[in-house]
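The form predicted alone is given below as one chain in structure tokens.
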């Protein structure tokens, strides 16, 4: 146990948990986390290898805090109980109520890996924590540390933070086994009432994705990007197939950015359309990618992505796949978060065959603790660990999992690896010099991406997996408008000067927008031998026009164009026209990007 753990007798409120007699609780004031210099932080040792890695990490975290702040700050650790250790103390209860209460009350805590007991009726302890504390965001930073074995040629290009929605999607467990009365009842309803078609004997599951759950997840991801100087947030989805769940997640994500973060975000369409590839200072780019394309991109162009926000199942696959690119789950950190309550955790399993052998890599829990220190605002202590870790790896001092992959490595146990890190931390690190080098490298990489966007925008869009699939992706945003009272002659000059084929006509007295095209002028003015100088726009403009929301799919837009016999649609946001999309725009998109259609 860490030397900074304060012993105290259990209170009448708790059977076994001892709240440290020293230290203050972290609190929330005016919607912000307030961390005192002597905070009380909860921890759970975990099962299997949990005690080994937790004891080692407590020593490392304490050493980093002591070195960074010279004793003015100190964590007072409060042990709480889940899993097998809890079952031994609480009469077989693996998830005691008092632990949940303390984790909620302390706000910030960290835990080792937990096993789910064998037998019916037991929930996964991790799922129970997420549900009972409403930890709706699973946050997984994935980056490469120099010297760590990786299957990629350039693992240093991987540096993302993934926000995975924790409470919805298929993980809600709403499913019905084939052959049960519930399954038959639902199947009958779907076939008879909803006209759905699927094979007999199918197991049935329901995938709920809500505006509330999606928006709070994306909101947290965007706020993280703002707070940490990140470049972009990418919404990952399968909306080309699942339009009303995954597609809705994407649309709600853009809605959050537009309505709540308009001053600091732009879309990728704006980046290329309005800003010609040059990202404005202080602006975060909101992107989206289809899930299968994102898997390719994280292998081919991982440095194009920064913060990722996605649904539960996509996040499950994607976070583990990206972790494999930089060394595996053994060093992958994570946390489950509510608005403020956060439980940081090792992301791997309990590995019981190595329990109490002082053998395994503590990296996953260690870097989860780094996340925790950053969440508390103690960045100096966090940076000490992340900066000395590659130096220790570079010296070849590693646990068995890395030793077998690194020539000439010195294999050490869990506690000895902790000793080596602590020795480096205590030996002194020029934090400012290393931070400066990191900042300079980050600026250099961002500049390189910007130059590519400026010089070859279309190639960059293709190479980074951007495929348009809504009118929002294609529409012209810089609209040129005329009023009903303008002459056709002046309208013709505007069309000619701007090399465009149509003008948007401002609302008339009834609030109706209109459109005026080259074709309208030729057929209704030139062919009719009217005088352009005396003919007013109101006489020629087409009303009513067909408007669609920005999230309308390209296929739906094409159908509307065919049905209305129009060649263009206006794009509306409420009562305001924000853009225009034409047959030519759709044709060019298909020609340039290829066509994935609706069923791929």
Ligand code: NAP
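Bear in mind that the values here come from a model prediction, so they are computed numbers and not experimental data. Numbering follows the first chain given and starts at 1.
Form predicted in complex with the named molecule: not shown, discussed below.
Contact annotation: the named molecule lies within 4.5 Å of heavy atoms from the stretch 398-406 in the model of the complex, the single such stretch among 445-453, 459-467, 384-392, 398-406.
Residue 49 is the only one of 49, 57, 541, 64 with a heavy atom lying within 4.5 Å of the named molecule in the model of the complex. With the partner omitted here, the residue from 279, 517, 481, 115 that has a non-hydrogen atom within 4.5 angstroms of the named molecule in the model of the complex is 115. In the model of the complex, the named molecule sits within 4.5 Å of a heavy atom of residue 353. Proximity of residue 246 to the named molecule in the model of the complex falls outside the 4.5 Å heavy atom cutoff. Taking the partner from the other structure, the named molecule in the model of the complex has no heavy atom within 4.5 Å of any heavy atom of residue 237. Interface residue remark: residue 135 is not counted as part of the site for the named molecule in the model of the complex, having no heavy atom within 4.5 Å. Contacts with the named molecule in the model of the complex, taken as any heavy atom within 4.5 Å, map within 343-361 to 345, 346, 347, 348, 349, 350, 351, 352, 353, 354, 360, 361.
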